[in-house]
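Here you get one chain, nothing else, as structure tokens; it is the form predicted alone.
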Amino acid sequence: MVNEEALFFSRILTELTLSFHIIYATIGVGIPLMIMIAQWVGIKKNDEHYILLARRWTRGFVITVAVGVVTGTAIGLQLSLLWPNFMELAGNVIALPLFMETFAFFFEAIFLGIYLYTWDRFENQRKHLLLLIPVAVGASFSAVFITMVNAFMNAPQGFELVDGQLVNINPIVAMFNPAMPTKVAHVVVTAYMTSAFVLASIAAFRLLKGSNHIYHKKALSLTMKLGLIFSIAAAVIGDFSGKYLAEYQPEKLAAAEWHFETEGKAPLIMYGVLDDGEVKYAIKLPFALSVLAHSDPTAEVLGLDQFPEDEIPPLYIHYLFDIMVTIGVWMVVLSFVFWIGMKRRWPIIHTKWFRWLIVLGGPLSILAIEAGWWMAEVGRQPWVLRGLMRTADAATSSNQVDLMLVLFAGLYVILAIGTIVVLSRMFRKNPVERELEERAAEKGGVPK
């Protein structure tokens, strides 16, 4: 028998944990690459400002890594406590990518420690830069392996199901399932994109608050350019993701697009509301859904009329899709305008209101990440393991999940407040100007 109360609180707690963890996980994947690029640019241009960018970003990154470890551990704990039936069924299949994710993290952490404690100990800074390669690779592969687990839940393979048990398991085949390429690519690239825009947001905020130092201008220029590159890449991968859904999870695509009836020349529906099953006030882009699904404006796209009612995902994922796409397009436009403005010396990109738009871009990018994950998880419902195990059958029957929810919520509040306080004090007490002076004094020069 399903304990409905335990199921409800298990889903809420898992959603809360993933929503909180994804912020730190995204930063944890993307920031190492930003650090490596900044230090490489600094060495190439012999520019102390970019070297200092790498240093200061690394200090902040270490704090987020520490919190990410706590929230990541919470997820592992909750998988066993809240979803024991799922772990009993699929645990042997997903054990390998879970182990590899842990290995990738330790690989990253070891070299991050070496990198931190060897500043200025290399005469040739290129050797110090080499330490960042395993840090960036380890961070990215942590995301790759954990996303493989999620991809397996959407497209399970690599086993045989006999009497309710998974047998003849091939973990490699399970890991490289049809959902893996688009999911892994989208997660990693959007992590790079979001990290770039978060760092750009911080640089723009410092400029708005009166610190007109060239350091912040260089930080803003570098991160906005990187944000443009990765936001375009995310859009391209998003197109491939739509084609994957059309072939392997058509019910999810139909629910996200409020595509109720199977038809060709299908329009893409943006925004709008549902009124007794009728879509109102929406923007319809002719043929766009057929193009997204099959790269053919006349192609037929399966509608919700082809699926049992109890296997249709919640229709509110349409709004999550809208949020994700709208923010993604907006960030492409904003970063492209900034890049063109830098090339052509447009005064507009130095105005306060434009910089406030960049500041807003950081939180918006995180919101897009959240919306994307909510859509991915809710869009798989009612399945925890698509086609094999429903979410209701995977949950615990314990009556203590509500207490766990309160305790973990309290933990996340403490971690969030602690992160903000520590990071703000760390950088407020050690401003860029002072650090440049100290480094110049060490080298017997004049700060820039």
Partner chain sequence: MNLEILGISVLWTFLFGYTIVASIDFGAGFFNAYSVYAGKKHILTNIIQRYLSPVWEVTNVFLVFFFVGIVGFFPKTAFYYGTILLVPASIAILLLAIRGSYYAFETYGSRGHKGYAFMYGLSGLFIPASLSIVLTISEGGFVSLVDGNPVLDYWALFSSPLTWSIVVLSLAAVLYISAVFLTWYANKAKDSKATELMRKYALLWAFPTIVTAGGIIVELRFHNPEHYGRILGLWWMFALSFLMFIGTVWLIWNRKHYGRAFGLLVGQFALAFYAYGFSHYPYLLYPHLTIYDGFTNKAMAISLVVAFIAGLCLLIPSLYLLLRLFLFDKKYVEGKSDYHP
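All figures in this text were calculated on a predicted structure; none of them were measured in a lab. Residue numbers count along the first chain shown, from 1.
Same protein, other form: the form predicted in complex with its partner chain, not shown, and the subject of what follows.
Put simply, Gly113 is close to its partner chain in the predicted bound form: some heavy atom of it is within 4.5 Å.
Although the partner is absent here, Val93 sits close enough that one of its heavy atoms falls within 4.5 Å of its partner chain in the predicted bound form.
Using a 4.5 angstroms threshold between heavy atoms, Val337 stays clear of its partner chain in the predicted bound form. Using a 4.5 angstroms limit between non-hydrogen atoms, Ser398 touches its partner chain in the predicted bound form. Screening 166 to 174, 216 to 224, 279 to 287, 325 to 333 for residues having heavy atoms within 4.5 Å of its partner chain in the predicted bound form returns a single hit, 166 to 174. Distance criterion of 4.5 Å from any heavy atom to its partner chain in the predicted bound form singles out Ala109 from the list Ala109, Leu304, Ala233, Leu129. Comment: its partner chain is not present in this chain, but in the predicted bound form one of Asn212, Thr298, Gln157, Thr73 has a heavy atom within 4.5 Å of it, namely Thr73. Contact check at 4.5 Å (heavy atoms) against its partner chain in the predicted bound form: none of Arg344, Ser365 and Trp383 pass. Taking its partner chain as positioned in the predicted bound form, the residues of 81 to 111 that bring a heavy atom within 4.5 Å of it are, in sequence order, Leu81, Leu82, Pro84, Asn85, Met87, Glu88, Gly91, Asn92, Val93, Ile94, Ala95, Leu96, Leu98, Phe99, Met100, Thr102, Phe103, Phe105, Phe106, Phe107, Ala109, Ile110, Phe111.
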